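Next comes just one chain, in structure tokens: the form predicted on its own.
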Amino acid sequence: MSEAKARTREEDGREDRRLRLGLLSDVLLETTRFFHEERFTQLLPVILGRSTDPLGPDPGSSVLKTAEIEYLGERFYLMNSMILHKQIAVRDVGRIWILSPNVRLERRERATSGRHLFEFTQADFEIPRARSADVRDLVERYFVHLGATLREHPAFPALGVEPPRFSVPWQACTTHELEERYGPSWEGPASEASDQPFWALCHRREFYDREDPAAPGHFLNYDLIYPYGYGEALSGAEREWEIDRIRARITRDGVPHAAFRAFLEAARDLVPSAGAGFGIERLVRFLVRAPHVGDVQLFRRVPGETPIL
């Protein structure tokens, strides 16, 4: 390749990145506007905590370890997510949401998935006394709002991408149904076969996702899956809120109680709640059909890649 062609390609790449980042900025604006209009209280994020999301025994997790530091003789964890803090916050504040930085030290091979980062930002929200259907309805209204307000955004024609058109309500299937149709690794083929996002219900996951009291072994949680092969968009659940059930789930899952001592001390009078979190970078990647989620970050945080700064 000639030097001139290489320079042109580099300039084109910078322009694409500028357009994607401009759209990301407006996604943040519209997300903030939506949650404030829905009467959520926005909280500042927690970066270090005495407890954090265990990310297990979720079989889909590929995190090598939880990053931690020692400060003044005490161990603090970098946030995998603010889920445990949300359960305390929703009790004390009511409807809450956060733009929460997450650090997840993914395995090197996740670099090629197109959708994994070791540092990203999540829009996290929680609603007291909500059920699964309440959260799914809110999320669908959010995406309709986003599609309507961003439809004329100049990034779409400049990048040669059709603006999103969301048609709700979206289909909901259990993971059992999806496995019957597509096999154990259902997410990829099911996403490829869809032209609208869809809900996947009932995942065996962390102790804070509520197990259905009427059907042990089934869980009151939900993921939103993007179409066209873009995979998981959002993860959420109704929460375990009774302290005895939380302790029993921690023991059953083989998760060390010591790592959650601070949470268990604070969780004695939780209220029923439900919520979710969705990655901002994954959302923008889907909207602009970027090859990799790192393509919508100015400072890429892709597992196995050396960051420029």
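Source: prediction; values computed, not measured. One rule holds for the numbers: they count along the sequence shown, beginning at 1.
Below: the form predicted in complex with ligand ASN, not depicted.
Engineer: Choose one stretch from 253-261, 31-39, 62-70, 49-57: the one whose residues place a heavy atom within 4.5 angstroms of ligand ASN in the model of the complex.
Structural biologist: Of the options, only 49-57 has residues within 4.5 Å of the partner.
Engineer: Please state whether all three residues 175, 198 and 203 have a non-hydrogen atom within 4.5 angstroms of ligand ASN in the model of the complex.
Structural biologist: Per the other structure, none of 175, 198 and 203 touch ligand ASN.
Engineer: Since only the chain is shown here, I'm wondering whether residue 208 would be in contact with ligand ASN in the model of the complex (any heavy atom pair within 4.5 Å).
Structural biologist: Output for residue 208 is yes: heavy atoms within 4.5 Å of ligand ASN.
Engineer: Using a 4.5 angstroms cut-off on non-hydrogen atoms, would residue 106 count as touching ligand ASN in the model of the complex?
Structural biologist: No - in the model of the complex, heavy atoms of residue 106 and ligand ASN never come within 4.5 Å of each other.
Engineer: With the partner left out of view, is residue 231 within 4.5 angstroms of ligand ASN in the model of the complex by any non-hydrogen atom?
Structural biologist: Looking in the model of the complex, residue contacts with ligand ASN do not include residue 231, since no heavy atom lies within 4.5 Å.
Engineer: Determine whether any heavy atom of residue 191 comes within 4.5 Å of a heavy atom of ligand ASN in the model of the complex, and answer yes or no.
Structural biologist: No, residue 191 sits far enough from ligand ASN in the model of the complex that none of its heavy atoms falls within 4.5 Å.
Engineer: Though the partner is not shown here, which residues of 10-35 have a heavy atom within 4.5 Å of ligand ASN in the model of the complex?
Structural biologist: Going through 10-35 in order - heavy atoms within 4.5 Å of ligand ASN in the model of the complex - there are no hits.
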